[in-house]
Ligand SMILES: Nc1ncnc2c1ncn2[C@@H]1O[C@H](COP(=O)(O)OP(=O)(O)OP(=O)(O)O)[C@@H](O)[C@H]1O
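As structure tokens, one chain now follows by itself in the form predicted on its own.
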């Protein structure tokens, strides 16, 4: 059964667009047909993540305005068979996207697509609310484990609840194993429990992620911890019962107990 999934965040900078691109590729590599819809008007990024920045001719707003057909705007991703992109407009404002017309586009995509991943604009303003009104089947919220992001994603979840939409699922990004073990950072499970949201995935801090962005590549193309986390999320989305590694709570080997990794002390620079 085809599913449309709105991927959103309470604020920018949490890795939402990066995760959307890599999750779309992970689902496609499992044999699913996937379309990523970049709905971040004026700030499109999915074309760059997927290496398609030179392939964009038409965009989502062209389809909405009937300046082209949906098929003309969709771009095949040569490096990931089964994955297509519907790019955002680089110049239009979010008010150009009508929720009713967007709903019709999703309905057409569902005929031939297993998963439609919608990359929402960051924040909880008009763009996010417009996309909510289009009626996605699932909503996934992305947060990092700091109080500001957690508070903002809690606000986003309350907006979803007020619209009587399906309860969002949560992905916690940029988790640091040692900081969690030393009780400086909350675990993904504790964040999900406090927000009363179902935990879909936990992704560790991984330097390979940023290096892949610099290379205009997907981090699931590299052997790294973030790749394993996204593959587990893709599996859960397709119905597999995949356990959580519970970053920060795993058993530590004897060598690690004898020679623990220490976290650099944070020294306050008080001015007198």
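Residue numbers count along the first chain shown, from 1. Note that the coordinates shown come from a computational prediction; the quantities given were computed from them, not determined experimentally.
A second form of this protein, the form predicted in complex with the named molecule, is not displayed here; the remarks below concern that form.
Asker: Which residue among 103, 174, 169, 181 has a heavy atom within 4.5 angstroms of the named molecule in the predicted complex?
Answerer: When the named molecule is considered in the predicted complex, the option within 4.5 Å is 174.
Asker: Look at the stretches 207 to 215, 231 to 239, 25 to 33, 54 to 62 and give the one with heavy atoms within 4.5 Å of the named molecule in the predicted complex.
Answerer: Going by heavy atoms within 4.5 Å, the stretch is 207 to 215.
Asker: Could you tell me if all three of 73, 118 and 137 have a heavy atom no more than 4.5 Å from the named molecule in the predicted complex?
Answerer: No, the whole trio is out of contact, none within 4.5 Å by any heavy atom.
Asker: Heavy atom to heavy atom, is residue 47 within 4.5 Å of the named molecule in the predicted complex?
Answerer: Although the named molecule is absent here, residue 47 would stay clear of it in the predicted complex, with no heavy atoms inside 4.5 Å.
Asker: Looking at the partner-bound form in the predicted complex, is residue 122 within 4.5 Å of the named molecule by any heavy atom?
Answerer: Residue 122 belongs to the contact set for the named molecule.
Asker: Any chance residue 37 has a heavy atom within 4.5 Å of the named molecule in the predicted complex?
Answerer: So residue 37 does not count as contacting the named molecule.
Asker: Residue by residue through 4 to 23, which ones have a non-hydrogen atom no more than 4.5 angstroms from the named molecule in the predicted complex?
Answerer: The stretch touches the partner through 12, 13, 14, 15, 16, 17, 18.
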